[in-house]
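Presented below, as structure tokens, is a lone chain in the form predicted on its own.
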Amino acid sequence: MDGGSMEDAMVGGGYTDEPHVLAVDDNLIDRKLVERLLKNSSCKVTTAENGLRALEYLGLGDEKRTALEDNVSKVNLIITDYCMPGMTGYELLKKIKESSSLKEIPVVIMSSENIPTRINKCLEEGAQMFMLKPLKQSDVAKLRCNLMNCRS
């Protein structure tokens, strides 16, 4: 980032025009759909099939801390399914928001169920947005716009 100011670096979060999104979903079809929609919107995408894998990638796994610490600064947004075995999207959100190094990364929760209490719980815990599945290209466009706003 030669010649860019610190403010430019903050706005960009280290990327020029391709935000890096970590997409977490236990359902392969949903994961592939989200990945395709994000890539269509010029996002770099990394996928994880569950919350534990996502935490490992983000450097919050048990003994993987040093090996993957570099990934943290490269992720600009995390989008996760709510209902997953082992660790729900809500539990993943809480872990991310409890981490001093990760809490600034926006987290978007997706669910196929429109349950207001669940939505409110996620938003109160710090989720940037709650989106209903299946995601559409217009949702991703909204998401990308939101990402740009919250990084500035």
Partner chain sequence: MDVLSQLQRQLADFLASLYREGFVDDQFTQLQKLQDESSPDFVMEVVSLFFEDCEKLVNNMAKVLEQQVVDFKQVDSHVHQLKGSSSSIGAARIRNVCIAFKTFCEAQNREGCLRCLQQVNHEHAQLKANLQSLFTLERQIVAAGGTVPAMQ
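Predicted model only: the values in this text are computed from it and were never measured. Numbering follows the first chain given and starts at 1.
Below: the form predicted in complex with its partner chain, not depicted.
Out of the listed residues S101, T46, N120, S112, S112 is the one that sits within 4.5 Å of its partner chain in the predicted complex by at least one heavy atom.
L37 is the sole member of L37, I105, M87, L60 with a non-hydrogen atom lying within 4.5 angstroms of its partner chain in the predicted complex. Every residue in the set L28, K32 and C83 has a non-hydrogen atom no more than 4.5 Å from its partner chain in the predicted complex.
By the criterion of a heavy atom within 4.5 Å, K142 is excluded from the residues contacting its partner chain in the predicted complex. Contact annotation: M129 falls outside 4.5 Å of its partner chain in the predicted complex, judged by heavy atom distances. Counting a residue when any of its non-hydrogen atoms is within 4.5 Å of its partner chain in the predicted complex, the hits in 124-145 run P134, L135, K136, Q137.
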